[in-house]
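The chain below stands alone and is given in structure tokens; this is the form predicted on its own.
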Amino acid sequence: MTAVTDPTVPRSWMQRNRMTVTPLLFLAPGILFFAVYVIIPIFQSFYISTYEWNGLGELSEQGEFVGLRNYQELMTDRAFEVSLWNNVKWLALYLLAIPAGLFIALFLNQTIAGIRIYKSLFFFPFVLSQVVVGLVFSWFYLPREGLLNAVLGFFGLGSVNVLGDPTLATYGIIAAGLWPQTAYCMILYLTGLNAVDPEQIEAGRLDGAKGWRMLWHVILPQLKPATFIAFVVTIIGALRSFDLISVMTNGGPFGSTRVLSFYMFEKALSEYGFRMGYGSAIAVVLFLIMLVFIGYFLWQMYQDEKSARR
């Protein structure tokens, strides 16, 4: 039997706001962890960046307040300039993973014999750790025994020491990073293609759309959520690239492959650093760069949804 609620009995605040309180209770643990491990450390980084501190002892006792001096030093730091420029290279070239992942997903989104095997092969790089990818490409780039120089020698070309050349090393590491990142974007787009409305495709065909026109006007607009996630994850991955650089070159040769995240580690935590304030200043700069890009894409997505409702 269903219990009948007496309308004359006053309900508690929890009963009146059950539809609001219940979701908040489920979200509370996640919000708490996010605040403790993400939001609070962000503000701590801003605070520590105004101190000269070696990370030993209490900040209030061992640290010296220097205001914005760490940021002023960054403006004249040649190593910081190289790291920032390398991050720009990573951003520009790492974004190639998005169109590459899209076209591989379009190729694999077919119902032909053996397509699952091809999907598994293209998916394989995504499950590898960055350390393994770095080791594989380090062997691939070896000046004498590496597969790259074996192929070049087969065609009568001279050997190339990719990781030993300051002008090529960064591009070699980016190429290694593109391998698993392309696989990740491919997975996102394969998931998005499964949700594409077949009725819109049929309507496009009736209107004479095919090939690039079908892709541009019918399929890509329905892949906007997947594209947004791919852009955000790829930008974050490019800006916080660390593992591959540490494994493949350790910032060399001559510091030419440093990026902001690796230079932050060198200054704050490595045996040559222990300048927590200076490392935090680099972390703040990196965070602000990420914030600009992600904020732009969030605003763009909000504007698109707003215009779609009209």
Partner chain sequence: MTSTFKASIAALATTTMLAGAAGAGSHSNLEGTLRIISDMSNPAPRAIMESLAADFDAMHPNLSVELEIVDREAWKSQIRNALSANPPDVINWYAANRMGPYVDSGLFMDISDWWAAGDFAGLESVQGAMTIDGKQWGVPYTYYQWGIYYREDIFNELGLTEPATFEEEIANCQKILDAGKKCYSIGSKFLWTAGGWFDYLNMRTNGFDFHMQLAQGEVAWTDDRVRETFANWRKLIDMGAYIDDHQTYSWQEALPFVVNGEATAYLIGNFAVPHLREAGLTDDQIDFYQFPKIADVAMGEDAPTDTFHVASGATNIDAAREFLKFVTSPDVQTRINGPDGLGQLPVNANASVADDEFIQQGFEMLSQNATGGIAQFFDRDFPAEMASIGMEGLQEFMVFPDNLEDILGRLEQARQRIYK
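Residue numbers count along the first chain shown, from 1. Note that the structure is predicted; figures quoted are calculated from it, not measured.
Not on display, but discussed next: the form predicted together with its partner chain.
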{"item": "One residue of P99, G164, P221, P225 in contact with its partner chain, assessed in the model of the complex (non-hydrogen atom, 4.5 angstroms)", "value": "G164"}
{"item": "One residue of A28, L68, L269, V36 in contact with its partner chain, assessed in the model of the complex (non-hydrogen atom, 4.5 angstroms)", "value": "L269"}
{"item": "Site check L91, S120 and G237: each within 4.5 Å of its partner chain in the model of the complex by heavy atom", "value": "no"}
{"item": "Stretch from 229-237, 111-119, 138-146, 211-219 whose residues place a heavy atom within 4.5 Å of its partner chain in the model of the complex", "value": "138-146"}
{"item": "Touches its partner chain in the model of the complex: E202 (any heavy atom, 4.5 Å)", "value": "no"}
{"item": "Partner proximity in the model of the complex: Q44 to its partner chain, non-hydrogen atom cutoff 4.5 Å", "value": "no"}
{"item": "Any non-hydrogen atom of S241 within 4.5 angstroms of its partner chain in the model of the complex", "value": "no"}
{"item": "Proximity of S49 to its partner chain in the model of the complex, heavy atoms at 4.5 Å", "value": "no"}
{"item": "Residues in 71-88 with any heavy atom within 4.5 Å of its partner chain in the model of the complex", "value": "E73, R78"}
